[in-house]
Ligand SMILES: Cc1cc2nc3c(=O)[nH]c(=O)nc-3n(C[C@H](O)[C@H](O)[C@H](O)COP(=O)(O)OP(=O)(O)OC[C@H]3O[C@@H](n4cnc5c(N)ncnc54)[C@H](O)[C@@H]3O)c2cc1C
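One chain comes next, on its own, written as structure tokens: the form predicted on its own.
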């Protein structure tokens, strides 16, 4: 019998390992017959793509990555395991791009749908669910069904942002958008405190289709919340560089797992100070590639190793518009008091709430905070969630690892509606994950299921 250390394990991007085994197949239709959970490239930070206790197998979709159809007007039909990076390499030189992209291209189409990803264009383009035309799925009773906003709409909108709990996504049909060039015109501006940064983000979102801000989540006092705002738009053909941008490989490897003390308050404070002051002028502009603008961390392979053997988590919440800047300030004040953040803290402006029953964004401000996992991380997340609940916000399930079921229910009044649709299509809750056991009240599988 193998020793405990030899048992197969599986993890998300946060490197929280659980007993499990990834199964691979090019034929998702066949392989999904007995599956309880599918996952893509494993970039969800917490336990959303980890198997539920008692059923260690998880079906990984990355071998099922064929493009089935791409029309002249940008309608894509592809298998769920197609990566965003492969799609970008295929479509950008054809003048097409995904209308919504998360902050990494190392995700699959199926994962994007299950998370209903958003990005730097949410205030104008919404989530990816707005642009999905149809899904082909295997549901719990074994049938293969096609669903869309017109056909089996309840299943469709529960699957958009449903974290893979409504069935196995086999194929995705997505409307791409036309771009005038393969370049992005970007402007970066420095702001010395939270009020000025939030005001600049609000103004930028009125005038620019792409906005995001890096925020210093460690510095206290008058400079608390200082940061750099990035705004952009697709460059017009007449103004962009004549040569297309290179679509490169992740080229800077992290050579080893960093010690756990590498991400500590002193090192984070030093990094944030250097990053803020590296931009000498108050405003810098120029043309950048979509990779540089949308996926700045992808240039560093396995950057999660920098957080050490204990791994990392992310707390991402949206504070509703009606809470005003004081809601964001309250969350940031709580965070700085905890000294729990890393250098990776991001603000985004969110627009209309999507139709997915558990879609994350709503009108307001999203703040995403990467944190090294330590003995007090769960308690820190609970304290941050107190603020989120107080101001009527919610968290992003794709990033969560430590939220309690009680806190999740307090911030998610849509859960009952989602569970009603889920049980309609899967009465025995065959599709489960470690996250659904932790947050949704699902039972672990009987051993050997």
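Residue numbers count along the first chain shown, from 1. Source: prediction; values computed, not measured.
Here the subject shifts to the form predicted together with the ligand, a form of this protein not shown in this document.
Run the contact test on 80, 102 and 399 with a 4.5 Å heavy atom cut-off to the ligand in the predicted bound form and return yes or no. Verified in the predicted bound form; spot residues all in contact, yes.
Of 31, 41, 381, 55, which residue is found within 4.5 angstroms of the ligand in the predicted bound form when only non-hydrogen atoms are counted? The residue in contact is 41.
Although the ligand is absent from this view, report whether residue 388 comes within 4.5 Å of it in the predicted bound form, heavy atoms only. The answer is no: residue 388 has no heavy atom within 4.5 Å of the ligand.
Taking the ligand as it sits in the predicted bound form, is residue 341 in contact with it (heavy atom to heavy atom, 4.5 Å or less)? Residue 341 lies outside the contact set for the ligand.
So in the predicted bound form, does any heavy atom of residue 37 sit within 4.5 Å of the ligand? Yes - in the predicted bound form, heavy atoms of residue 37 and the ligand come within 4.5 Å of each other.
Taking the ligand as it sits in the predicted bound form, is residue 112 in contact with it (heavy atom to heavy atom, 4.5 Å or less)? Yes.
Okay, which stretch from 85-93, 196-204, 238-246, 295-303 lines the ligand in the predicted bound form, with non-hydrogen atoms inside 4.5 Å? Contact-bearing stretch, as computed: 295-303.
Even though the chain is shown alone, can you say which residues of 159-181 have a heavy atom within 4.5 Å of the ligand in the predicted bound form? Result: 163, 164, 167, 168, 169.
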